[in-house]
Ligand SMILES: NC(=O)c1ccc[n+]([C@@H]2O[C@H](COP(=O)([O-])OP(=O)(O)OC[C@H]3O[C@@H](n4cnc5c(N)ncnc54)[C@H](OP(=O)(O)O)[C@@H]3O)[C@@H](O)[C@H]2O)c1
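The chain below stands alone and is given in structure tokens; this is the form predicted alone.
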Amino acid sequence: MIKFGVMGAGNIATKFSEALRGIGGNLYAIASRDLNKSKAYQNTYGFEKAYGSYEDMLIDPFVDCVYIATPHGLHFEHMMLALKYHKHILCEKAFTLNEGQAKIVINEANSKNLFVMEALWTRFLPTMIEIKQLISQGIIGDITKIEANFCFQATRDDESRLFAPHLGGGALLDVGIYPLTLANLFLGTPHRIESKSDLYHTGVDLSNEITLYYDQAVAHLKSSLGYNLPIEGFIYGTKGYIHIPMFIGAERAFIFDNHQKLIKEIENKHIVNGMEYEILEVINCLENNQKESSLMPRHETLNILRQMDDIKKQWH
């Protein structure tokens, strides 16, 4: 059984631990710079080991794969540290702050024959996979437009990971990656991107609007830490459209024809909280000696980061 070590003891590590425990996975080790936090996780979730430093956990020879749950701005440093100790990696999105960092990580993983994958849970959801299959079968015809929003009003704290540049703050890296992923998942790489942002005084983007242009389609995307909108996605085609409520962790989707008549409803309830599907993919890949996932290939991680780099350049 694959033994997981978790690096970081924040909110996302909680969800990961719940998902791993819920599918009967091996919660082997938890590491935090605060040993008391690690011990609290150990008591709550049943980790075998609790460490007060990341390096102490990585030295442990029984750790097979590390889940990196630290802020975006630390992902590069922590992945390079994990690779130094020859650990396979599942790293929370956004994988790194830019494409350049990601290339270094991937090249290092390749040189050591190690598995490394971005934990972008949306790509692994059964509902999303089913939607992709139905679209390929022509249920809504050819895609003409995608609309997706991930906007919420965050508590403004200049030192929090959401608003601090050194921690990888900003709407684009934290939540904008989801609408971008939805568009890329169904339309591929755009040939042109236009965007605008509302910058926070720390220098990160508070909100942004992005338009992706394709030969026969367009995608309109919004993400924000400054205002609320329903978190949902729409995929429009020549024969109908699909509404995906809470698309980032989709359990349900509704397919309509051109007369707005509901023709199909999709529902795939999560086993635990939705993060289990990316974990199951890691386990499957490692048990079959695969160094890359077909559901989250490395070139897609690089592709999205390249697009985000281009978008940030437009904002100077």
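Since this is a predicted model, take the numbers as computed values, not measurements. Heads up: residue numbers just count along the shown sequence, starting at 1.
There is also a form predicted in complex with the named molecule; it is not shown, and the following applies to it.
Residues Arg123, Ile139 and Phe186 are none of them found to lie within 4.5 Å of the named molecule in the predicted bound form, as judged by heavy atom distances. Of the residues Tyr178, Phe76, Tyr200, Tyr241, just one reaches the named molecule in the predicted bound form with a heavy atom at 4.5 Å or closer; this is Tyr178. This chain is displayed alone, yet in the predicted bound form one of Val218, Leu134, Ile104, Leu167 has a heavy atom within 4.5 Å of the named molecule; that residue is Leu167. This chain is displayed without the named molecule, yet in the predicted bound form the stretch 27-35 from 285-293, 260-268, 58-66, 27-35 comes within 4.5 Å of it by heavy atoms.
Using a 4.5 angstroms limit between non-hydrogen atoms, Pro190 is distant from the named molecule in the predicted bound form. Though the partner is left out of this view, Gly10 does reach within 4.5 Å of the named molecule in the predicted bound form, counting heavy atoms only. The named molecule in the predicted bound form is not approached by Lys87, whose heavy atoms all lie more than 4.5 angstroms from it.
Among residues of the shown chain, Tyr277 is not one whose heavy atoms approach the named molecule to within 4.5 Å in the predicted bound form. For the stretch 44-71, the set of residues having any non-hydrogen atom within 4.5 angstroms of the named molecule in the predicted bound form comprises Tyr54, Ala69, Thr70, Pro71, in sequence order.
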